[in-house]
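A single chain, nothing else alongside it, follows as structure tokens in the form predicted alone.
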């Protein structure tokens, strides 16, 4: 299966007087799993739909490898069906009156690519471990199986990139966790480029090679999950990704870096215990420092209302100018 490098150069989008994507540049490496992460209304789905050709930018350029598929200056706009992309949507979009086989075959038939159709569909179903479900109908499948059919339909056309628009949000928590792992493994095995949209930071952190964090039409940071978490470039990223304990308006640290015993090169803070949650492997303590709520992970249970000293290494405090 082929894969592509996707380049969005100074891309922007407005609806009337409302600008939803400000001039943004994003380079998505081939064979990588990139997630567009952010709250509702931040522009992540619009960005995905511009890659797909389902939305037309107001300015900028989009390249697949060295081929320009959109340019406002050059008046180029390749239609969606000629961009060679696979789609997996939030609602699965399966035809209820068609069997699993026919749902997967639909894209091939629509594109009049019926050569070896049966074998291609069988191969796609085998890739998602549904080869024995070809004759079933969508209503006879579980949510996870329906999701896999949608994925098979996306890969059967041998796309150079698969676009995922919040595909797991309709599933329950346990199934969502299972499908996160399955999609990550399948994308890796296929070696295809993937772009995944979600507002769920756990999905983004656990599945991605790189994450683009968006806020109000701006790409706040584009980096590996580890870097986004440990070295957030903006206050928005620090607050949106993971738990952050704020010392003041410009200084924060991650909960796991706090200790309850004195250590060298650390600052001491006194906090009040508000309440605790037992998570099986640790207690998550909600504490109060001045007017801020801090999360602390502790091994021992502490009395509500008690005051404890917390030590934070100086080199673990993240500062924003």
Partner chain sequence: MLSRIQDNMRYIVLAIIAVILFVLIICPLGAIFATALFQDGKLNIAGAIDVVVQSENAQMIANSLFLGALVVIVSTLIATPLAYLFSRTRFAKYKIFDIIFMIPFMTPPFIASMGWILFMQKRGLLQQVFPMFKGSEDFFFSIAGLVIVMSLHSFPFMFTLLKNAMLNIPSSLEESAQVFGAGFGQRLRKIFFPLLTSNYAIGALLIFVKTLSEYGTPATLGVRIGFDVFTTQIHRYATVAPVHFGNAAALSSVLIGICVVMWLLQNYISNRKSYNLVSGKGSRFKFEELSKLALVVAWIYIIVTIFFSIIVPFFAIISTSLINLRGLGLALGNFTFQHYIDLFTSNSKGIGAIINSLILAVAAASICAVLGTIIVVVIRKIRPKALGTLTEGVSLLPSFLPSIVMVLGIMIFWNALYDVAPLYNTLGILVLAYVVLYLPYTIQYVTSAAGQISDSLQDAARVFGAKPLYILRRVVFPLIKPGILTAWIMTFIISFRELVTASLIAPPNVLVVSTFIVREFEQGSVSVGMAMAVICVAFTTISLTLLNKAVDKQKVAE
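As the structure is a prediction and not an experimental result, all values here were calculated from the model. Numbering follows the first chain given and starts at 1. Rigid core: the largest C-alpha set superposing within 1.5 Å between the two forms.
This next part talks about the form predicted in complex with the partner chain, which is not shown.
- Interface residue among 184, 90, 234, 71, judged by heavy atoms within 4.5 Å of the partner chain in the predicted bound form: 90.
- Checked against the partner chain in the predicted bound form, the residues 127, 179, 223, 98 give one hit for a heavy atom within 4.5 Å, which is 98.
- Residue contact check for residue 248: none of its heavy atoms lie within 4.5 Å of the partner chain in the predicted bound form.
- Interface residue remark: residue 29 is not counted as part of the site for the partner chain in the predicted bound form, having no heavy atom within 4.5 Å.
- Using a 4.5 angstroms threshold between heavy atoms, residue 243 stays clear of the partner chain in the predicted bound form.
- The partner chain in the predicted bound form comes within 4.5 Å of no heavy atom belonging to residue 257.
- For a residue to qualify, one of its non-hydrogen atoms must sit within 4.5 Å of the partner chain in the predicted bound form; none of 167, 193 and 203 qualifies.
- Heavy atoms within 4.5 Å of the partner chain in the predicted bound form belong, among the stretches 215-223, 185-193, 109-117, 127-135, to residues of 109-117.
- Contacts between stretch 67-90 and the partner chain, counted in the predicted bound form as any heavy atom lying within 4.5 Å, involve 80, 81, 85, 86, 87, 89, 90, listed in sequence order.
- A displacement of 2 angstroms or greater separates the C-alpha positions of residue 140 between the shown form and the other one, with the rigid core held in common.
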